[in-house]
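As structure tokens, one chain now follows by itself in the form predicted on its own.
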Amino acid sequence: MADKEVLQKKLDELQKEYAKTKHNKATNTHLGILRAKISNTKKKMTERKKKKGKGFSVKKTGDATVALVGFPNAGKSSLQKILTNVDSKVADYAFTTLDAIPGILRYNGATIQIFDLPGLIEGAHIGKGGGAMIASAIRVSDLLLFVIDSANPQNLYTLLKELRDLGIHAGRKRPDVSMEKLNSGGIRIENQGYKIPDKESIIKIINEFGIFNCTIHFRNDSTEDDIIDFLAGTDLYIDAIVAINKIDVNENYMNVKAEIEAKTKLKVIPISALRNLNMDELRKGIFAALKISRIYLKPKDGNPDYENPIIMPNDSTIVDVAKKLHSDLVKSLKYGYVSGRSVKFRNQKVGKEHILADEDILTMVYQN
């Protein structure tokens, strides 16, 4: 039997055992170990697929990249057309989009690339509907925009689960866990009062990944799943927002919005791609979720260039701006003058490691 078949059989058996095990206090540790085994098996399968598998050819351009994710016929192509003017094929049936179709949204001086991806379906994590190929395009994105039919909000929870099974955690922060492998001494746990699983569970999970001597450090509250995700090592954590579509035919869409936000903590924006409703709010939401800032450059004796801002990740320094303009500029950069929210007064002199805020006006001073 081929390695792929052996791993798939093992995965099926583990998942079957997990599904039939009752969830209660007495079985928590056992379930955690099963999740670790399932994750480790998936990791091995993913590593083999990477050697053989193909993904979409996705070339990133612009200041940031957004992937539209949703079930077939959720309205992704119609939405992309409104946001970017790309005329991708739109029809009222499933699987219209068969490739990763790029478009450009220009907003607040930023050039934002938006990919319309084929619809994800249940079972994507085991290869149905080209799930692995779609995941490859998602992995190069800076933000996921879930497009959900307001009449079928349960589809979002299915998508989140499918992505998690593909090693992609939407709207979650990476657990702050680190590890140092040792030659002896067993498993040592360093924790400064954070809420974590019991020692026995942690050791059993770590052992499932073939590690028997290490120090593991926790810097925030962590669950068994967080430890498993950390040890699996291939997982992606990516910001996400939700557009619930077709609100023009669902008068209960605000209840859907409230339910999703309560269950997932994701930002939800109601829209109608067909009727072009609430698109400005969606553009604003995309820009905010990308966590990018506009920096207006000002010559020493000139006016700020408001037409062509430099787009930077939030909390960038003056050095970071110089690097983006040209790597050689960093060597001669001395300091800067800044006006805006990051300083106390206008045209304030600051060091080159000063952290900038959105819409700051910056003058950089260089050595002669």
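Keep in mind the model is a prediction, meaning the values are calculated, not measured. In case it trips you up, residue 1 is the first one in the sequence shown, and so on.
Note that the form predicted together with a small molecule isn't included here; everything after this is about it.
Contact annotation for residue 274: at least one heavy atom lies within 4.5 Å of the small molecule in the predicted bound form. Though the partner is left out of this view, residue 77 does reach within 4.5 Å of the small molecule in the predicted bound form, counting heavy atoms only.
Interface residue remark: residue 182 is not counted as part of the site for the small molecule in the predicted bound form, having no heavy atom within 4.5 Å. In the predicted bound form, the small molecule stays beyond 4.5 Å of every heavy atom belonging to residue 103.
The single contact residue among 285, 171, 270, 72, judged by any heavy atom lying within 4.5 Å of the small molecule in the predicted bound form, is 72. Contact with the small molecule in the predicted bound form, defined as a heavy atom within 4.5 Å, holds for exactly one of 208, 142, 225, 248, namely 248. Only one segment in the set 107-115, 200-208, 238-246, 134-142 has any non-hydrogen atom within 4.5 angstroms of the small molecule in the predicted bound form, and it is 238-246.
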